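So this first bit is one chain, no partners, the form predicted on its own, shown in structure tokens.
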Amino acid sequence: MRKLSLVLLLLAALVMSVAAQDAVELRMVWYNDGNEGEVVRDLLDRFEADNPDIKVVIETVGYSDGILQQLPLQVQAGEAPDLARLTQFAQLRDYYLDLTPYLSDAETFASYFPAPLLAAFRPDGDETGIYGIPTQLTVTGPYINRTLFEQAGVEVPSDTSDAVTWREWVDAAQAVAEATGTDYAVAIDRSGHRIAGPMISSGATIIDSEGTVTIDSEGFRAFAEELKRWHDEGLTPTDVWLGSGGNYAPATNYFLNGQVVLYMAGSWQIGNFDANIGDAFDWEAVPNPSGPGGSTGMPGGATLMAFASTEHPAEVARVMEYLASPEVYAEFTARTLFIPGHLALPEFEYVTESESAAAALNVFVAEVPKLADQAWALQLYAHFTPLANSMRDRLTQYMIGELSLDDAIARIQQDIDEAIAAAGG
């Protein structure tokens, strides 16, 4: 009997060993704004339990260093992961895996997501391929520390008006900062994407229907001058734009720590604020400021993309189908407090007891129909990454006095013209 038990144990161990050896390991590069890494890991743990032949290893990286800088270099050097979560997907469109042959129901899968987004993932000449999924939509927009407004006795402009300009918002925030001894009135992430919305609201027309980019416009100049004023007058933390070493830099911690009254960021911060502000102060999202170009933020979002260099395309497709399934996607959305990019979700409730988080979600959902055509055109523009980076960097040179505004605009135009030419038009 002992010999039989021993044989059975050895056979079981052998089977487990073979199963472990046969499991395909997929590498997923991922960045976090809030709790989404924790949520997707939990979901994938369930997937792996039901699919023991696949193991997904999540490599969590910083957004600026890992996603914006290192990932493109790795992909172009032939060292792409199997999957990656990214935002500026256009620059890598020639490297993605067409999932269509590997999906169990490609037609249904495609119906889950907005057709313009799926089309934007495709390389030139491809009209049908499926290369990834939007993990969420985002909308840029401002947040305020309402507690500071109440302490200062200053009226929140959007409480009484549906059309508040950037100058009116910053003037009110400055009054609050001065009355409460708060360090800064306003902050905005060091990002070309983040300033694009305010520029469009200010009247900038950067890209036309033919895809021609023209930087110099009255609206572009107006917001560039406003951004410089914030720095010149000490209304904003200078280290975000002027001391970040040429990289993307968020101003998130200033808002979390109660050091800024008005923070221009976006819907992806809701989960972060819900988790980390707690009872420290009352915070809320407010509508985008208005101007000659309307009241608009920038659309955006993160996407989960598959790479053609993977050695396991069928397994990658199975992971994508799982994460795209309506029930799983709905849970991911509910727990991360994101705006969904899925068209076929069942009814769900966001997992939060925070009134601030629930209200902020409603504000950003209401911003989606207000997004300007110019904002959508820029977001889906194939060369938006080099354009946004040049806007960010040349305007920094303008703010520190290295370039005049005329020269900064000329250099941005030159940068994007060269980027288009280098990419073959």
Partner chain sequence: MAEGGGIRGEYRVRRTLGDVVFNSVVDFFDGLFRPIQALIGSKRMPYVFVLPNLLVFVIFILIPMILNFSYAFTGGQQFFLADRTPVGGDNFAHLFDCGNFLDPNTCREDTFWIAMFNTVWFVVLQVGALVVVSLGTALVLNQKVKARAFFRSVFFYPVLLSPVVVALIWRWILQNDGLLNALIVAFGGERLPFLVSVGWTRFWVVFISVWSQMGFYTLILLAGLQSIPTELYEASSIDGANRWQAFRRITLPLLMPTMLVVLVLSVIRAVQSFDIVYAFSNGGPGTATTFMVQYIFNTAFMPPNQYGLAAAASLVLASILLILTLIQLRVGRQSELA
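Since the structure is predicted, the reported quantities are computational estimates derived from the model, not experimental observations. Positions refer to the first chain, counted from 1.
One more form of this protein should be noted, the form predicted in complex with the partner chain, which is absent from this view; the next part is about it.
In the predicted bound form, at least one heavy atom of Gly243 sits within 4.5 Å of a heavy atom of the partner chain.
When the partner chain is considered in the predicted bound form, Thr60 lies well away from it, no heavy atom lying within 4.5 Å. In the predicted bound form, none of the heavy atoms of Ala280 sits within 4.5 Å of a heavy atom of the partner chain. In the predicted bound form, the partner chain sits beyond 4.5 Å of every heavy atom of Asn35. Of the candidates Gln76, Ser354, Ser325, Thr147, Gln76 is the one whose heavy atoms come within 4.5 Å of the partner chain in the predicted bound form; the others do not. For the options Thr108, Asn276, Ser161, Asn247, the residue carrying a heavy atom within 4.5 angstroms of the partner chain in the predicted bound form is Asn247.
Look at 68-76, 215-223, 325-333, 339-347: in the predicted bound form, residues with non-hydrogen atoms within 4.5 angstroms of the partner chain sit in 68-76.
Judged against the partner chain in the predicted bound form with a 4.5 angstroms heavy atom cut-off, the residues Gln259, Glu418 and Ala423 are in contact without exception. In the predicted bound form, just one residue of 168-189 lies within 4.5 Å of the partner chain by at least one heavy atom: Tyr184.
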